[in-house]
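Just the one chain here, the form predicted alone, laid out as structure tokens.
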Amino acid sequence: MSVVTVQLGQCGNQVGQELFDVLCSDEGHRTTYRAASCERFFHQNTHGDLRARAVLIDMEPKVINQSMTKAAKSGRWRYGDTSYFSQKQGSGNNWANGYCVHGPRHREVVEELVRREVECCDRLAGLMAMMSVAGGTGSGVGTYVTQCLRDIYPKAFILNHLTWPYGTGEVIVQNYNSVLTLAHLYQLSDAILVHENDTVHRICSQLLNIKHISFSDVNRVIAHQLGSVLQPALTADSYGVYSRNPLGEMVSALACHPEYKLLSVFTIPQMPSSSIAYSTFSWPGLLKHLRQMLISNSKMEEGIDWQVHPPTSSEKTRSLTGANFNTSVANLLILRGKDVYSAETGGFEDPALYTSWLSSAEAFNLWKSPVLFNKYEKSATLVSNSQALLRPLDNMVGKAWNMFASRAYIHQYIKFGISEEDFLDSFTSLEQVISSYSQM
């Protein structure tokens, strides 16, 4: 089964290009592993050439041209020659311009591009839309396109991958764009997988020792984490055969309730490639650190707060769960590399890690692959539906509300067709999400 990726805006297209590069360069020497990965993400012609199962969309041509050129120059894979759409003018960092103007104006051509790509799949596993929440095209057009995908493919799994902007601000209206994007996507997609730029930037600086960090560095880290999630793995029900429906099985494992759709990624180890040869890894050590990263909500193994611990039964009863403890709805642990079958994962099955209304047996899922990923002898990735994004979401909604209360920049949205009621509906929707995650 295959996944069709829809890359939207500058961020979506840049991260998407890095992701396909990671997937293609992942040197899994086992034929079945390579075949399963190729079937998911690439179309292979009779000459063995790989073409990404992707549609590229942006209102400006520059980034699409760069992405297609970089792919072709890799010599390993390419994008389809006609699998893209661009215009001469962007959305001006305005969600309303993308959602109300550019999206409807170009709906037919975008839908046709996606339909052609879907028809190239023997079986469709799902659709993954990649975008930023901060700008205009990625967030606005991306939300509109997701709405169209939901209408056309009502039974398909739809995963939105979102890049969260830097907290210090890239665009003055990024909080408006983020609120409108998340509120709408919550109604449209099956799950929302989020990467925060601030977190990834710290990984580049503190773990990878990159001195002058570029967007390419940030995008590459995101792509490697996504690759560790999306590459083939063996599930509990796959009986020795690589999973055929990565999006469906991930969504089913993690997004069991429509009120809880926000997914975060925790990965270990993360280090410069030059250091890997001089490092040793053990499953007990990696999983001990990863578990503490989860419960203390630390995306890096450096600087983990070891004082955070799961609450006891009496503490839960008295609502004394510490403010620093990260409660989970569900977790998916993915192990890759040597001796994966000997790894002891009981620490992630502890009922104290999870909300009381779902048993740990239902809340925890485990995938494994004996194939090395990203050159690591052993690596572990945790995709978590937890309170990890509660604080940045609350901060973002609060900043947007303060701007809205002051009526700052509202006219820029109203002129494209967004009303004040649309804003209020979006605030109400996300306040409910915040409340639900807060009360876990």
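Computed from a prediction, not measured in an experiment: that's the story for all the values here. Don't overthink the numbering: it's just position in the shown sequence, from 1.
Only in words, not in the display: the form predicted together with a small molecule, which the text now covers.
- The candidate spot formed by 292, 326 and 386 is out of contact with the small molecule in the predicted bound form: none of the three has a heavy atom within 4.5 Å.
- For the residues 263, 134, 233, 332, the 4.5 Å heavy atom test against the small molecule in the predicted bound form is passed only by 134.
- This chain appears without its partner; in the predicted bound form, the one residue of 219, 83, 369, 296 with a heavy atom within 4.5 Å of the small molecule is 219.
- Stretch-level contact analysis of 337-345, 160-168, 108-116, 68-76 against the small molecule in the predicted bound form, using heavy atoms and a 4.5 Å limit, identifies 160-168.
- At a distance threshold of 4.5 angstroms between non-hydrogen atoms, residue 153 is out of contact with the small molecule in the predicted bound form.
- The closest non-hydrogen atom of residue 14 lies within 4.5 Å of the small molecule in the predicted bound form.
- The closest heavy atom approach of residue 281 to the small molecule in the predicted bound form falls outside 4.5 Å.
- Mapping the unseen interface onto this chain, residue 197 counts among the residues with a heavy atom inside 4.5 Å of the small molecule in the predicted bound form.
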